[in-house]
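Next up is one chain by itself, shown in structure tokens, the form predicted alone.
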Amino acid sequence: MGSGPAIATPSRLQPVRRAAGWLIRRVAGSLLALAAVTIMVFLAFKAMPEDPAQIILGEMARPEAIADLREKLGLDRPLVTQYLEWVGGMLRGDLGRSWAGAALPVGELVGPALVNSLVLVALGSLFAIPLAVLLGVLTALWRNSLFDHLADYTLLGMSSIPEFAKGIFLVLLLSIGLFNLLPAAAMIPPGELPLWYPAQIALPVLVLVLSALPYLTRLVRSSMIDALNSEYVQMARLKGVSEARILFRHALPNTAAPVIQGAALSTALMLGGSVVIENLFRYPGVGALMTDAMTSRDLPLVQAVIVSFAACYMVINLIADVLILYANPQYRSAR
């Protein structure tokens, strides 16, 4: 008689249940952390000495006009009421209106800029992560060799140079100096996706890659060395398993968790570093948007950008947690 379908036993489902419970707790913790960020951002801006109504109307505004605007904006209400209205508006997709220019909805300003920044960070990660894995594996396999030492010193030097200095050097080298290959500024038309302008975004992406590469490469190298020196790899060598099979079947899968976590951290740092890079290359992302908003004291726009950054950080970390969870052999065997 043919055997029927395999039935999941309670012991087989237990790792999945533990993983689901852990993931639910991580999501709840991220939401609480995001709520804490909104409270800190709200209180920080409320603690500013300037009156928002005075900022909007200017220094020469009459006291009656300032009082009317404060009432219209709800600034005369209790702080708890103002906070709940602000958070409730964000949950409904209403981020308020900009205080500068034509008083456009903040969502219409932040949305396209955030997409542009995420495209820039995604391209940086797309190139930096595979290159770091390749360099980390090679330096681990050839550790203490001339190649390993040269790579180590080069990466150490790269990590000590700030992003803006890397950007200026690349502009001098590839745009207005020795080679005239790439534009020095990312002149992307409004409303256009940066992917359609590869030459314009090449330098910002290259700066992000060079900034993330040192940390990721050294992390992959150390994880790979630990895996290659582990007992299960030594046992595989004693059994006559080839070095290529050891590398791809034993060493690399067991370095997945730290590499994924490091890649998530590097991606989050890229998003934060994009503030400097976007201003350097005039790239139309949230970094440049926040700088302009700070200059014009556009507080609703600055608040929306900060909360968007925090939400992106938490989403990136949650994705990394899910990938690490899936890379766990115990969880995979229970599926």
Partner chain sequence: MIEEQLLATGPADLPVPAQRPGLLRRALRQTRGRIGLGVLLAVVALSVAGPWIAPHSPYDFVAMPFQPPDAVTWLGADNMGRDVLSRILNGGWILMTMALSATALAMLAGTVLGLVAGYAGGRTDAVIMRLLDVVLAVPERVLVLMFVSVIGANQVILTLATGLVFIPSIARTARAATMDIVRNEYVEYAEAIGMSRWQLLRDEILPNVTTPLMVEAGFRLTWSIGLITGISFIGFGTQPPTPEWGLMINESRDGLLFQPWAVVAPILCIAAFVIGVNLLADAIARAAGRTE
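Numbering follows the first chain given and starts at 1. These figures come from a predicted structure and were not determined experimentally.
Unshown form predicted together with its partner chain; subsequent notes refer to it.
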note = Partner-free chain; cross-checking its partner chain in the predicted complex, the single residue of 77, 237, 249, 143 with a heavy atom within 4.5 Å is 143
task = Spell out, yes or no, whether the shortest heavy atom distance between residue 153 and its partner chain in the predicted complex is within 4.5 Å.
result = yes
query = Taking heavy atoms only, is residue 52 within 4.5 angstroms of its partner chain in the predicted complex?
reply = no
ask   = With the partner left out of view, is residue 69 within 4.5 angstroms of its partner chain in the predicted complex by any non-hydrogen atom?
value = no
request  = State yes or no: in the predicted complex, is some non-hydrogen atom of residue 301 no more than 4.5 angstroms from a non-hydrogen atom of its partner chain?
outcome  = no
ask   = Any idea which of 186-194, 82-90, 255-263, 158-166 reaches within 4.5 Å of its partner chain in the predicted complex, heavy atoms considered?
value = 158-166
key: Contact at 133, 135 and 147 by its partner chain in the predicted complex, all three, heavy atom at most 4.5 Å   = no
ask   = Counting only heavy atoms, which residues in 272-309 are within 4.5 Å of its partner chain in the predicted complex?
value = 272, 273, 275, 276, 279, 280, 282, 290, 291, 294, 295, 297, 302, 306, 309
